[in-house]
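Before any questions on how it binds or moves, here is one chain, the form predicted on its own, in structure tokens.
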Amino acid sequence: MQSSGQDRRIVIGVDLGGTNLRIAGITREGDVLHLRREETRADAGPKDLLERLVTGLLGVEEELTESGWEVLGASLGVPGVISRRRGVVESSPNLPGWKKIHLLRRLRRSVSLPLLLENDANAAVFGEYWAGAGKGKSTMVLLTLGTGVGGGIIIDGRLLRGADGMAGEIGHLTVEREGLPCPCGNRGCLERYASARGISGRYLDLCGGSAPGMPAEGSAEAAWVHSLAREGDRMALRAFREAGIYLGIAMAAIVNIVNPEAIIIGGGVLPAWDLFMPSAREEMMARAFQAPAESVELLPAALGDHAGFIGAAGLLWKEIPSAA
């Protein structure tokens, strides 16, 4: 039986990632209900993915309603260049064919809920700020070390989006002047050295270009290198230590520019925290101003792969006046 008052209000959070699509109901306290998860299968094209997105949204809405919840709206975190005001995905490297996709307009043909659109990295940092490792902080930075390196910045309790919504691209800070070329067009980006792909690539280089037994591609490569490091493989340990050094260079810049209370590290590389964080901390302390470097907390992310849809929902909760 549905109870009265705000206790039964809820919003839907969506994380439309390059690998997985996650949809769930999120309470005002950040609790997760009726989570649906499936492979994105982005290669099938925008039409197929949009149809499954609609099906998932309507399905979760129905489940929540039948459980006695009043659904106030849905908020979506999507990778790429996002026009929030127009509800358009301008481009998304992780979603083939997604260029100038009027996402919210298309969804409104089938979904009657109020809708909000946000960049996925921004959604993730807000999730950690609102309900994760950054809870209680007012100024913090999130770095996600996965296939690439994502980032997001909260300053004085406000999500930093920038003039065009592109703020927080920390993965593309230059950490090596004449470094490896990056698909973004730059050279020496943090992403090329501290991501899962960067770590496995460095291990391969250290082994002379050949590593029998290494998986063919994807995050499995870094997981395999991680397992070797746990067994004491010197080249694997060195690959993680060097990744930490480059991460420390970027963190020093963050400390000097943002002066955050905390830098939170998430993503698929997080289980190797003890292999890369000592060198990262040492490099940060050597390069950053002493006072802010000594005061900043370096924390592991708390929400895992839930950060995106929890944060997307949190941003919508923030826009509901009576939810304050």
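Numbering starts at 1 and runs along the sequence shown. Note that this is a predicted model, so its numbers are computed, not measured.
In what follows, reference is made to the form predicted together with another copy of the chain, a form of this protein that is not presented.
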| query | Using a 4.5 Å cut on heavy atoms, which of T27, S67, N256, T55 is close to another copy of the chain in the model of the complex? | reply | N256
| Contact assignment for another copy of the chain in the model of the complex, among A131, I153, L116, L95, heavy atom within 4.5 Å | I153
| query | Heavy atoms within 4.5 Å of another copy of the chain in the model of the complex: which stretch among 59-67, 267-275, 289-297, 40-48? | reply | 289-297
| query | Is the gap between S110 and another copy of the chain in the model of the complex 4.5 Å or less for some heavy atom pair? | reply | no
| query | Does H172 reach another copy of the chain in the model of the complex if we count a contact as any heavy atom within 4.5 Å? | reply | yes
| Does M235 reach another copy of the chain in the model of the complex, with heavy atoms at most 4.5 Å apart? | no
| task | Examine R158 and determine whether its closest non-hydrogen atom to another copy of the chain in the model of the complex is within 4.5 angstroms. | result | yes
| request: Note that another copy of the chain is not shown here; using its position in the model of the complex, name the residues of 29-54 with a heavy atom within 4.5 Å of it, in sequence order. | output: none
